[in-house]
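Here we start with a single chain on its own, the form predicted on its own, put down as structure tokens.
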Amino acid sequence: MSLPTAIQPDDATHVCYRGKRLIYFGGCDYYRLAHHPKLLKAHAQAAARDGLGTGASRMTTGNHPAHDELEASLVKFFDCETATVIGDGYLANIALGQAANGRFDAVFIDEKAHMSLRDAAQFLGCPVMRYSHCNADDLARRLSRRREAKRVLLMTDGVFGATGRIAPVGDLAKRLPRLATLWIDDAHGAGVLGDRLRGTAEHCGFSGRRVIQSITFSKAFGSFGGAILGPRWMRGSLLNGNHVVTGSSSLPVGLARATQASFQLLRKRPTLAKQLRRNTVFVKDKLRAAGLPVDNSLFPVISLECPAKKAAMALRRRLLANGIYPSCIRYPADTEEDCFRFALSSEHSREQLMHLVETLSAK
């Protein structure tokens, strides 16, 4: 399998692709913070002072004050018991899978969970059962067959990135035994959903001490890296000889500082989240009115299944002819389903959004 043609960012809402400047609705940088001057300044200052990388794991000589300060900011932002920063969002799930080995009798995972969750489940050391996508009733049926399991873990994406579907966290949690643990990979939901931008559980009105949230900084927060938010036993296990934490270099200080800047920015400028939601409602309402099969959730992703190859090529040509990057993807990579995925941002203008609606609605 070959890599797709490279694209070059041009500004917050455009890319250069095969010599053309196109409106960009791809990726997951929902506030376009990756190019924000405050984040760039924080990164540049830290890199100039502390270098590009730490050159070591946090368990040896790679633990910088910026990591401790970022974890304190995470605890405050997400109102969680502990936060542990990992160098990459994918690795954060792997680290937690290793840290949780032997703590559970049975694991139930959404059949369309992100590949990092599925990989992490292999480390847990207990039976892993898949339930139908976002189907709380199917979860209940499968739980009924494992009544002997006392320590149950549920694993799900908070938001499924390819489609923008929000997991029914509240309904799923109601089916779980009282002492079960819920592990939400909230790579997409964190920073976007919830009144305080704390993610899917907040959006669904669910809270509890037995919730673990794994997040990435490379989406809503415009930076890079990952973190695990949750109870004290989890942090203790992560720091007690965990292979990922012990064996990988820590997050570069510049990225830690940039991520802290993004938290501050989202707190001080609530208009960013409000504008993202306005843009989402505007586009989804218009597309549904035009007869397109679009959900009414507040998550800023529109996913349209690719039709037959001939029709898909026609839509691709139409998008290019109208100056829009044709983001047709197959994700996760091990699926057979293609879709056109459009990620809205707070920075897209009303004119750009209307242009997308008109292009997609054209007959």
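The first residue of the shown sequence is 1; numbering continues from there. Keep in mind it's a predicted model, so treat the numbers as computed, not measured.
The next section is about a form of this same protein that is not shown, the form predicted in complex with a small molecule.
None of the heavy atoms of residue 155 is located within 4.5 Å of the small molecule in the predicted complex. Taking non-hydrogen atoms only, residue 229 never approaches the small molecule to within 4.5 angstroms in the predicted complex. At a distance threshold of 4.5 angstroms between non-hydrogen atoms, residue 78 is out of contact with the small molecule in the predicted complex. Taking the partner from elsewhere, residue 187 is found to have a heavy atom lying within 4.5 Å of the small molecule in the predicted complex. For the options 237, 116, 260, 181, the one in contact with the small molecule in the predicted complex, meaning a heavy atom within 4.5 Å, is 116. Scanning 254, 164, 194, 225 against the small molecule in the predicted complex with a 4.5 Å heavy atom cut-off leaves one residue, 225. Comparing 125 to 133, 138 to 146, 167 to 175, 81 to 89 against the small molecule in the predicted complex, the single stretch with non-hydrogen atoms within 4.5 angstroms of it is 81 to 89.
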